[in-house]
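Only one chain is given next, in structure tokens, and it is the form predicted alone.
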């Protein structure tokens, strides 16, 4: 996290005339982003200055000095100055973000509400706020407030009508033991061998984020081969994780020492295998399969009886792929809605067939048809 307000522009790697992939640009973030093609970035992760407004030194009970964030890049003369800075970099990000791209911004209570207000003023559409709950936060040494044990991330699309943005829901749910992914993430702060330090043992960057946090962001909202931009590159966590997970990165950083440390860190990263990072297929993007096809293939036979998960409703499968509920005939979706007294229903997940003593959703057979088509094609 480092302010990009000043500094000469220089790339640590040769920059192409189009999109400078896998590159760290040194300079002011707004000026550098203006050089990028419009609509060229799939995902932005921004860790801007927090404007912490620290009042004097912070000491532990034994009077030892806490290594707090008191760098010049985190200091602004007023809230108005911070707001102007925030709007400027958000507008620059908006220009380079693809219509299907999304933005993640992380902050603390010092700044995240001001950033959120600016986002909405600029017509970004907030999709979620995600709480990063730290397993090992810094204690509150003075005992005058609650221990500050979390930071907030805002996930936003370019507008209320944005469509086609990436959210790897099925993969996230499967990796979470088939439970829906939640918006509170319990992850330790960056420490141990992951923390970059100088030869004298001093932290290279005071606000280095854990790779586990960035990995979850990238795995949630991007795909292999996507371009990920970090306008406040700092120690290069975004770039390191992007390289490991098969994404491209563009970093902007005004401090040459931070950029050099980030470059060395990223160069040492070994990418994961293509097989291990391949995007899991999303059901909403899978080829359409009609229930009549399932019946034609004999996977569910005419005359079979379907029930809901609690066995409250029962229907009969007809040879043309429709369902009969008494004298009412219709699609798996329409009949599912009717028996529940609802306007709509996903019949694929609502209706089940008997499988011994258990029930099997008919969606299982749709997956079989898709798999067969994939092998044939």
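Residue numbers count along the first chain shown, from 1. Predicted model only: the values in this text are computed from it and were never measured. Here, rigid core means the biggest group of C-alpha atoms that superpose within 1.5 Å across both forms.
What follows is about the form predicted together with another copy of the chain, which we do not show.
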field: Per-stretch contact check against another copy of the chain in the predicted bound form, the hit in 178-186, 229-237, 261-269, 248-256 (non-hydrogen atom, 4.5 angstroms)
entry: 178-186
message: If we define contact as a non-hydrogen atom of the residue within 4.5 angstroms of the partner, is residue 331 a contact of another copy of the chain in the predicted bound form?
response: yes
message: Given that another copy of the chain is not shown alongside this chain, does residue 40 nevertheless sit within 4.5 Å of it in the predicted bound form, heavy atom to heavy atom?
response: no
- prompt: Would residue 165 count as touching another copy of the chain in the predicted bound form under a 4.5 Å heavy atom rule?
  reply: yes
message: Within 4.5 Å, heavy atoms only: does residue 318 come near another copy of the chain in the predicted bound form?
response: yes
statement: In this chain shown alone, the residue from 90, 154, 241, 97 with a heavy atom within 4.5 Å of another copy of the chain in the predicted bound form is 154
- request: Only one of 196, 307, 172, 190 comes within 4.5 Å of another copy of the chain in the predicted bound form by heavy atoms, so just point that one out.
  value: 172
- prompt: Just checking, between the shown form and the other one and with the core aligned, does residue 322 shift 2 Å or more at the CA?
  reply: yes
- request: Using a superposition on the rigid core, decide whether the Cα position of residue 33 changes by 2 angstroms or more between the shown form and the other one.
  value: no
- prompt: Is residue 45 among the residues whose Cα moves by 2 Å or more between the shown form and the other one after superposition of the rigid core?
  reply: no
